[in-house]
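Next comes just one chain, in structure tokens: the form predicted on its own.
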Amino acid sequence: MATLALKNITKRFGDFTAVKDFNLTVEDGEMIALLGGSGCGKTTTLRMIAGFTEPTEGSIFVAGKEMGKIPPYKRNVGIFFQNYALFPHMTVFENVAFGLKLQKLPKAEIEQRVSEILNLVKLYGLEKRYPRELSGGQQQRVALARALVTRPSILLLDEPLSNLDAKLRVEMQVEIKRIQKELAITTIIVTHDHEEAVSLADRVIVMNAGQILQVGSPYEIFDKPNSEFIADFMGFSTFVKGTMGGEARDGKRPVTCSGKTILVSAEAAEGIEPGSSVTLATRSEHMELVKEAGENVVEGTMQAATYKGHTTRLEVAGCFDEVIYPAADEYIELEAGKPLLVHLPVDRLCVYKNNA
């Protein structure tokens, strides 16, 4: 196992900067998620760690050793490719054993290690099958086994769950986390799926345009994004424009939104001057439809309801910049045009100062 450090990493392709001044330290056995949309630089960062792409500037260290002159095959890095990259003419055993044969290990040791890793990923007994004879989930496990069998110091996972259906994706999240913790292997996962990132990682790195926007625990990234951009990316559904009020009272500060007052926590509004234009953001599951007026209860008008199974998606117009979606099964039969009262919880509102 090894500590991974990226120091002042920049990668340019001609005039385009894919990654800019990237700094990160990953501790022994830690699992880090690089999270962001397409083109944000996360896969380029992964390829630089693997040695497939050379940084324009900066250095990469594994266990304190600089990787600049070390080719990919000598970096002891296990790589899981998005498309699995299995050899179609090889059996499961041959696919998994491929890296060990390149290392010229004795036949008996190869057989033992392949057997152990196939048992770990729950594929024991499928050694003689070819990739075409496996399900998508089984193919993914073969690719994971191949990446792990060489006992790498670092495991790199490039969009490992993107090709699976919803049910398999959840199952494999559990399996990947179990295997990673069992082996205590330093792991970097690249993903565009925020739920996947917070489910798997010890820390999440949010990226955009080649730069790090926020580093934090899954809870911090999911519930307390540090910008409106990240809040939107992380699935916040309600954004309310307003003007910041004066001093805090009882740990709360007022924000005026379309003539209505909404209270936010003083901590969330720290450093924002009175009179500043702000945006309030929250998740739909943090809001609640209520029967009576009260603190942070605003009136809206029912637009439409869509049954979603475990929740009902409500479109509510009011002092909101966009529609909101309270999780409320019991309101599916509400009629369009009906007035509703929506409670916005003080401690669940994020506050972002708008640029002038």
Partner chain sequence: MRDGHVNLLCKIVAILVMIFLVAPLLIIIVVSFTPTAVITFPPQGFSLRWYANIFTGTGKFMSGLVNSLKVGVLATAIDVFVGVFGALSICRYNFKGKNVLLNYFTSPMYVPSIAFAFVLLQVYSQIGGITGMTRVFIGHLIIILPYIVRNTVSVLHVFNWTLEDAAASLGANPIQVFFKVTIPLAKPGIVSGGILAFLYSFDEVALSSLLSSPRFVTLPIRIMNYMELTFDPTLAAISTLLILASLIIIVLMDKFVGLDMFMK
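Positions refer to the first chain, counted from 1. Model, not experiment: these values are computed from the prediction.
A second form of this protein, the form predicted in complex with the partner chain, is not displayed here; the remarks below concern that form.
Peer 1: Should Gly125 be classed as touching the partner chain in the predicted complex when contacts are defined as heavy atoms within 4.5 Å?
Peer 2: So Gly125 does not count as contacting the partner chain.
Peer 1: Within 4.5 Å, heavy atoms only: does Met302 come near the partner chain in the predicted complex?
Peer 2: Because no heavy atom of Met302 falls inside 4.5 Å of the partner chain in the predicted complex, the answer is no.
Peer 1: Would you check, heavy atoms only and a 4.5 Å threshold, whether Phe61 touches the partner chain in the predicted complex?
Peer 2: Although the partner chain is absent here, Phe61 would stay clear of it in the predicted complex, with no heavy atoms inside 4.5 Å.
Peer 1: Using a 4.5 angstroms cut-off on non-hydrogen atoms, would Gly235 count as touching the partner chain in the predicted complex?
Peer 2: The answer is no: Gly235 has no heavy atom within 4.5 Å of the partner chain.
Peer 1: Looking at 307 to 315, 285 to 293, 45 to 53, 23 to 31, which stretch has residues with any non-hydrogen atom within 4.5 Å of the partner chain in the predicted complex?
Peer 2: One stretch meets the cut-off, namely 45 to 53.
Peer 1: Could you work out which of His194, Arg253, Arg75, Arg169 is the residue within 4.5 angstroms of the partner chain in the predicted complex, going by heavy atoms?
Peer 2: When the partner chain is considered in the predicted complex, the option within 4.5 Å is Arg75.
Peer 1: Between Pro106, Pro71, Gly275, Gly271, only one gets a heavy atom within 4.5 angstroms of the partner chain in the predicted complex; which residue is that?
Peer 2: Comparing distances to the partner chain in the predicted complex, the residue within 4.5 Å is Pro71.
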